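One chain follows as structure tokens, the form predicted on its own.
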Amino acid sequence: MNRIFLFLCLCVLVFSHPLAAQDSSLRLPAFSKFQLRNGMTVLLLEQHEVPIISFSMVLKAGSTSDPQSKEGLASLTADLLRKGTRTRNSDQISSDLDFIGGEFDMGVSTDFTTGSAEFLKKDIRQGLDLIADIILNPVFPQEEVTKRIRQRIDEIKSAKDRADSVIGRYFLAYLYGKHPYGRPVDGDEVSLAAITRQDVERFYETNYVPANMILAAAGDFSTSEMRGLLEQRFNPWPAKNPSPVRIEEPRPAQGKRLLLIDKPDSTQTYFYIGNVGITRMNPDRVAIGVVNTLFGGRFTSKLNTALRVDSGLTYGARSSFDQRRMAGPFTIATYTRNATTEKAMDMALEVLANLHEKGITAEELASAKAYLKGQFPTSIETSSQLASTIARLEFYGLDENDINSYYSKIDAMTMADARRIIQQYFPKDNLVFVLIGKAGEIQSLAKKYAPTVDTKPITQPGF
């Protein structure tokens, strides 16, 4: 019953939220920020439309904090938090969440670990008890560690049966090489097998400290009352100095190189083309998003129109800039039949070349601006979206101006800006290619695209 009520409340919030309207004065609602005495950062944003409270946690430790040869440790640790505490086993945690219709999830990216939770207002005390217990008191039972490692290894082996589910991991490993951004977030068959329960405990003790944690709440509460509730549950968390990971800015690839992953049973070729892109803090990120919307960021983009709509070579083609603390990847991604691999790759590169040679029109620029301004409000409507937004802004050292200035930055973009963005950020001559397909049918064409061609079988452990 609680879950049905929760769904109805979310529907009300989506359609009634003041940010849902397209408004040139779009602004992020005001929120407060403070630190607990142990150093944990707290962000509180009141939204009283519906009786729901959402939480977003950002721990400043992601896969870049994994020790060498034990990739996947951060992800495994986050996954195991719900598998037992000092007072609850895994089944009890699930039962207690279900009883109040609550939600709790953890996830890991390269830069950080995230947590999300959501409860009805009337259940907030029980919900916070659960969050605090899971974060502060995990015990990592040996049988759960062993079982989850085995499951994850099986999941990776199974994923390699589906090229689309692993090509991104191969691309990052090939593009970034030994840089931490090249590591598989969830680990691989070899690294996971090397992880022990002691590694998990050590990772938790080192990284799960208050000074590393950002906790954001958005929803139907009073700031003073919520502050008191959080202080009661998290002030007892002992203060401890974090061990920040320092990584160098990745260098973009120079020239062209290609990796072919041989999947002998494949009837299709999946391919990524790209290079190192931009950070989340790049001052041109809004203008880059406008141009990328036209190039490969929506269904009517140049890439998708050429490769799907006009030619029927694929069911979808896209491009993206993955913005991270350090420069994330820029990728062009699609797939096609083995027989049309060369034609599809040539077409993708032709669309990229045309972007540089012909640029975009004033009409296209106006269209992309309107599209993004229409899409953006739906990304910060619900309490869970707002909590996640302010938590991540805090992680990246940004503030509400990142949201409040979004429309004005779009409006201010000119054709001259678009030309500069294309030349500066969309690689044309320096490209990295990764293909997964049947080498017996596509290997001969690989040298057409890069003087350096590497190959490996998909059955080989790792990425």
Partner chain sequence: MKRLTLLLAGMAIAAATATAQDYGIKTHQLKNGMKILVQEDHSIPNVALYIFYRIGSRNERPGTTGLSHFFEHMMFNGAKKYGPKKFDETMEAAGGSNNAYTSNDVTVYQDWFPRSALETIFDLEADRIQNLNFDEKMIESERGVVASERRISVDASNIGLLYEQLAATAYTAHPYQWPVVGWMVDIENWTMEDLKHHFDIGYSPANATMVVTGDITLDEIVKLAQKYIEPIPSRGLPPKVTTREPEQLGERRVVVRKFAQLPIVMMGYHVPEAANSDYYPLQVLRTILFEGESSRMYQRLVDKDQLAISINGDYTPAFDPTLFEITARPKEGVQPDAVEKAIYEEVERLKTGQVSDRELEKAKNILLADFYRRMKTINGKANALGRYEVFFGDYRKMFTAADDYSRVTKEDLQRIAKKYFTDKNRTVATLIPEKGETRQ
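Computed from a prediction, not measured in an experiment: that's the story for all the values here. Residue numbers count along the first chain shown, from 1.
What comes next is about the form predicted in complex with the partner chain, which is not displayed.
Student: Judged by heavy atoms and a 4.5 Å cut-off, are 141, 395 and 429 together in contact with the partner chain in the predicted bound form?
Tutor: Negative, none of the three is within 4.5 Å.
Student: Tell me the stretch among 250-258, 378-386, 236-244, 129-137 that has any heavy atom within 4.5 angstroms of the partner chain in the predicted bound form.
Tutor: Of the stretches listed, the one contacting the partner is 378-386.
Student: Can you tell me whether residue 350 touches the partner chain? I mean in the predicted bound form, with a 4.5 angstroms heavy atom cut-off.
Tutor: Although the partner chain is absent here, residue 350 would stay clear of it in the predicted bound form, with no heavy atoms inside 4.5 Å.
Student: Is there a non-hydrogen atom of residue 52 within 4.5 angstroms of a non-hydrogen atom of the partner chain in the predicted bound form?
Tutor: Close contact exists here: in the predicted bound form, residue 52 approaches the partner chain to within 4.5 Å, heavy atoms only.
Student: Counting only non-hydrogen atoms and a 4.5 angstroms cut-off, does residue 158 reach the partner chain in the predicted bound form?
Tutor: Contact check for residue 158: yes, within 4.5 Å of the partner chain in the predicted bound form.
Student: Taking heavy atoms and a 4.5 Å cut-off, does residue 439 contact the partner chain in the predicted bound form?
Tutor: Residue 439 belongs to the contact set for the partner chain.
Student: Can you work out which of 162, 86, 358, 178 has a heavy atom no more than 4.5 Å from the partner chain in the predicted bound form?
Tutor: Spelling it out, the residue with a heavy atom inside the cut-off is 162.
Student: Considering 197, 125, 227, 337, which brings a non-hydrogen atom within 4.5 Å of the partner chain in the predicted bound form?
Tutor: Selected residue: 337.
Student: Check each residue of 185-200 against the partner chain in the predicted bound form and list those with a heavy atom within 4.5 Å, in sequence order.
Tutor: Not one residue comes within 4.5 Å of the partner.
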